[in-house]
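Only one chain is shown below, in structure tokens, and it's the form predicted on its own.
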Amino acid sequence: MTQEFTALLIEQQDKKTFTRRYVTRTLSDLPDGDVVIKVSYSSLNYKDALSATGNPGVSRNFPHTPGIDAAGIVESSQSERFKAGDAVLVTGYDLGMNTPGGFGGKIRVPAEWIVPLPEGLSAREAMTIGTAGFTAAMSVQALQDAGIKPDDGEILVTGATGGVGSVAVALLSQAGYSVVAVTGKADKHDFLTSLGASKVIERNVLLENNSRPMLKETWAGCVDCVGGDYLAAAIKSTCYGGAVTCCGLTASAELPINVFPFILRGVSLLGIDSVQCPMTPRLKVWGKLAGEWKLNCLDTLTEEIPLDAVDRYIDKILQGQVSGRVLVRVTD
């Protein structure tokens, strides 16, 4: 087993300055854990970009290797659950936050974090989905568990060109829902309709009259990826008995709203957390993504890059220049 591997390392120079460089690391640089995994693929998420720029809400310990997603092959294991040669994936928990993540050729993690690669998914496909796609699938599952059916009406997806939003559009459309995608990128309408959106609206349309305590009943449900005024507008305009999932805060962590939609229309607000999701529902959702929910448009919504391109793509995702998913090829 080769000890050395390449990793993207984030180093703190002073209180506000963080630098990025590619370095050679060894297994001795990794924390204790049950299983060593050779990483073949990862993916770039907005959360990774926050970690790489020193956001204290994501990462506090430096030097550090981000990458909240990883898929690859077990090299060694002290757990009876896994053996050398097993194909596995890891998303969530502390991976890529304060535990060295998928932007390195190897990781060492607790066995409790690991999902066996589901039959029907390759490592490449699993990381095309990644945390963002898994979060989108959890959101769709939550809407279905809340009783929202395709014939109930349109489903709104905010932040629709992002990693979570784009997969949510594709999953909902493939499941038979009529999807209305919200975006601020006028040049991405064709991209969203190619994923299955039946309609695309600009962000300002959603926010019209948002100062009102209630808006016209429009949506059977919503997958919100951005928070703030957009989440508030979605809740205010959701139909009686509808449900809204919440998983992001790129617009704001604040929710400027009153209780009227909840007590007058019975709207449900469903929080989605993919980080600490227990293993039983985690395995269920991954099984669906490998089976009945397997997307036929993964290549359409994905751009593949090598590990040495992650540095510049971190800047691109922070500047809102990335649409869909970014797959990272870590090792051959």
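Residue numbers run from 1 along the displayed sequence. No experiment lies behind these values; they were computed from the predicted model shown.
There is another form of the same protein, the form predicted in complex with a small molecule; it is not shown, and what comes next is about it.
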Here the chain is shown alone; which of C222, I107, M127, V164 has a heavy atom within 4.5 Å of the small molecule in the predicted bound form? V164
Residue among G147, P256, G184, G241 with a heavy atom within 4.5 Å of the small molecule in the predicted bound form: G184
Is the small molecule in the predicted bound form near all of G159, L249 and I317, within 4.5 Å of a heavy atom of each? yes
Among 27 to 35, 265 to 273, 59 to 67, 282 to 290, which stretch has residues with heavy atoms no more than 4.5 Å from the small molecule in the predicted bound form? 265 to 273
Contact label in the predicted bound form: A132 to the small molecule, heavy atom within 4.5 Å: yes
Using the partner position in the predicted bound form, report whether V226 sits within 4.5 Å of the small molecule, counting heavy atoms only. yes
Report yes if any heavy atom of R203 sits within 4.5 Å of a heavy atom of the small molecule in the predicted bound form; otherwise report no. yes
Can you check whether Y230 is within 4.5 Å of the small molecule in the predicted bound form, heavy atom basis? yes
